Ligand code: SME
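The chain below stands alone and is given as C-alpha cells, in the form predicted alone.
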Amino acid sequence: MNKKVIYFAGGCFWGVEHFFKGVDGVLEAVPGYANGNTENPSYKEVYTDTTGHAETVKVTYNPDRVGLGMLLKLFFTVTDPLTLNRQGHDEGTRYRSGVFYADDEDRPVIEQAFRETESRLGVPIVTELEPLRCFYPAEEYHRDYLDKNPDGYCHLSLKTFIYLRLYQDIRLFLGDEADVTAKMADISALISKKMKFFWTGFYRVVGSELVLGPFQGDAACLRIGYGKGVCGTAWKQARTIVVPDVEEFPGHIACSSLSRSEIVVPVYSGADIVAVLDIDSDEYSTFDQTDAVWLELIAQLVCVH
C-alpha cells in the first residue's frame, strides 16, 4: 500500500484529528506539536506560547484513494485562512494555521491550493506554508480525544462532520457518471435525505432564464429571470448568497410561503455558470458559512467528468 504524509495545523488539534480520521483514504491522524524551537515539548509548555510549536495533525494517507489536492481542499473548509494565530475561539501562536510538508515534491501542489484559496477569497491568506522542521506526537490522552470524550470541546461545528460524510457519499455515489441532469437529480436527493432541508434542487441556465431542474420538495417556480430573486441574483453576481430571512431580500420570489431562509450556490462548467443549487429552509437563519463552503464543494461535482 502506498503511504504519504502531510501535516496540518488548524487550531485545536482535537477537532482537526477527528475530522481527518473521517476522510476516506486517510490511514492515520496523529495530534502533536510542530515547527517549534524546543524538543519533546509537553502540552503545558506549548500552551504558554513560548515554544514556537503549533498544534498540528500528522495525516498519513493512501494517495491511490485520496490525493493531496483533495486533502488541502478539505483542510481549507475547516480553517479560517484569513485569521492570524487564531481558529474559532482559540487564540495564540500555537493555534496558527499552517501546512507543513516532508516531501519537497508536494510543495507545488500545496502552492496551487494556496493560490486557488486566495483567488476564491480575493485577498492574501495568512496560513503558513513551510517544510516540516520537527514534529512531536502529543500525549496519549490527546489521541482520539473526541472519541473518548464525545461531549468534549471542539472548535469545529457538528455540521462540518455531517457535510464531510455527505460530500464523500455524493462523490462515491456519482462515480464516473457524466450526465449532468442525472447528477443533479441524485445530488438533490442525497442532500435532501441527509440534511432534511425544506427544498433542495437546481435551476439550469437556459438562455436568459433559469429553468427548473431536478429537485426534492414542493412544486416550485418554473422559470426565474437573470438577476431576479435570490437565484437570479446569485447567477448575475456569480457568488453564493446566504439569506437568513427571505422576506428581507429585495425582490425575493416567493415560490412557497413556507420558505424562511435560503442559500443559492452557482454551478460552474469551466468559467461559465450553467446552473444554481438552490436550498430553502422553513426556519430562519438556517444557513451560514459552513453550509456555503461545503455546498460549493458539492456544486463542483455537477460538472466533473
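Residue numbers here begin at 1 and follow the sequence given. Only a predicted model underlies this, so the values are computations on that prediction, with no experimental measurement involved.
Omitted here: the form predicted in complex with the ligand. The next part is about that form.
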Which residue, Ala138, Val78, Ile187, Cys231, is the contact with the ligand in the predicted bound form, using a 4.5 Å heavy atom cutoff?
Cys231
One residue of Trp235, Phe100, Tyr95, Trp199 in contact with the ligand, assessed in the predicted bound form (non-hydrogen atom, 4.5 angstroms)
Trp199
Mind checking whether each of Ala9, Val59 and Glu130 has a heavy atom within 4.5 Å of the ligand in the predicted bound form?
no
Classify Ile253 as contacting or not contacting the ligand in the predicted bound form by the rule of any non-hydrogen atom within 4.5 angstroms, answering yes or no.
yes
Exercise: Cys221 in contact with the ligand in the predicted bound form, heavy atom 4.5 Å:
yes
Although the partner isn't part of this model, could you tell me whether Glu262 comes within 4.5 Å of the ligand in the predicted bound form, counting any heavy atom of the residue?
yes
So in the predicted bound form, does any heavy atom of Glu55 sit within 4.5 Å of the ligand?
no
Stretch from 274-282, 44-52, 62-70, 22-30 whose residues place a heavy atom within 4.5 Å of the ligand in the predicted bound form
274-282
